[in-house]
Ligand code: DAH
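Let's start with one chain on its own, the form predicted on its own, as structure tokens.
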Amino acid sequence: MLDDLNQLESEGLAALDTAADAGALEAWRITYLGSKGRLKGAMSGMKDVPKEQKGAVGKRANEVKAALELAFEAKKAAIGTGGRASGPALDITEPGLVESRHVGRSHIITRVIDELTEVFGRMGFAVAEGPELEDDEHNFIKLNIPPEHPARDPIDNFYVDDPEKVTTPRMLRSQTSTVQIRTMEDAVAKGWGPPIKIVSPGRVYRPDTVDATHSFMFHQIEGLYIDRGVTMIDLKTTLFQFARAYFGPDADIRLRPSFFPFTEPSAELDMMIALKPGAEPAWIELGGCGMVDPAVLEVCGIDPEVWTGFAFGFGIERIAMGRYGIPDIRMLFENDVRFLAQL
């Protein structure tokens, strides 16, 4: 193969000397340097070279390639036309290309996440992230969810480890509240928090039956604010400001009393939404919220006698459906280009 490479270099340089114009130079480039040219063909023979000779042959192949390319550039400069005939050159050895008429764009879920983090960013919330593969301790125990709570039933979660055999089983997180726990733990460990003010968007997993409003994988955005003297008034003000900044000044929203193990008191945030054009608006639940339970603060190493805070969690798909009038959550994951082109 070394002889073949030496011969290729000699013949290539000799042929290049005879190229007198741009057309001849382009023909030479295609013959020797094109994607199906002689140099590429010679390179393909490397697979047949004995292992002990590959180093020497590979080095020589690179030297030949560099010599031909350098000579080509010099000849191109000498001819003074860029080495190509007038107009764009066509390399007939290249596969055919079809010009796309479609302009790419972010998926609607990605766009909504960016929009939400931008709105909360203007309120001073930083963005935090956490693992999707979680453990039972962060997903349940430190969120004040006791062992007998129905939310921990294996039939309602995607466990990786058998919870009957492992003390702290791993699982696909069922809520992004796990990021709140990790953020508070990290703040205490590093000695810089509170105050803490973060939002954490991300995927969560629950074995729900798929229908127009439910999926086994969906997205949430959680918010957490810990500081001195934080009250329910701060939570209500934040949520109302968010809703009217994102959905418009006429957004019709309400808070309903509710219960969550990790917040006390707790509430549900509902919004009047018409999911179909011309349909009557109805109250749609966007998510839950409340004041962080003192037990949750304490287990993370934060003194609840000094610090208070609120937390909230929204379903991103439901926000997207309300913002863009999407009637069925399944449309967000079917990747139908006709649907995606509308948004």
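Since this is a predicted model, take the numbers as computed values, not measurements. Quick note: we count residues from 1 along the sequence shown, nothing fancier.
If you look for the form predicted in complex with the named molecule, you will not find it shown, but the lines that follow are about it.
Contact annotation: the named molecule lies within 4.5 Å of heavy atoms from the stretch 311 to 319 in the model of the complex, the single such stretch among 66 to 74, 50 to 58, 311 to 319, 37 to 45. This chain lacks the partner; the member of 225, 140, 120, 262 within 4.5 angstroms of the named molecule in the model of the complex by a non-hydrogen atom is 262. The three residues 177, 206 and 289 all sit with a heavy atom within 4.5 Å of the named molecule in the model of the complex.
Although the partner is absent here, residue 220 lies within 4.5 Å of the named molecule in the model of the complex, judged by heavy atoms.
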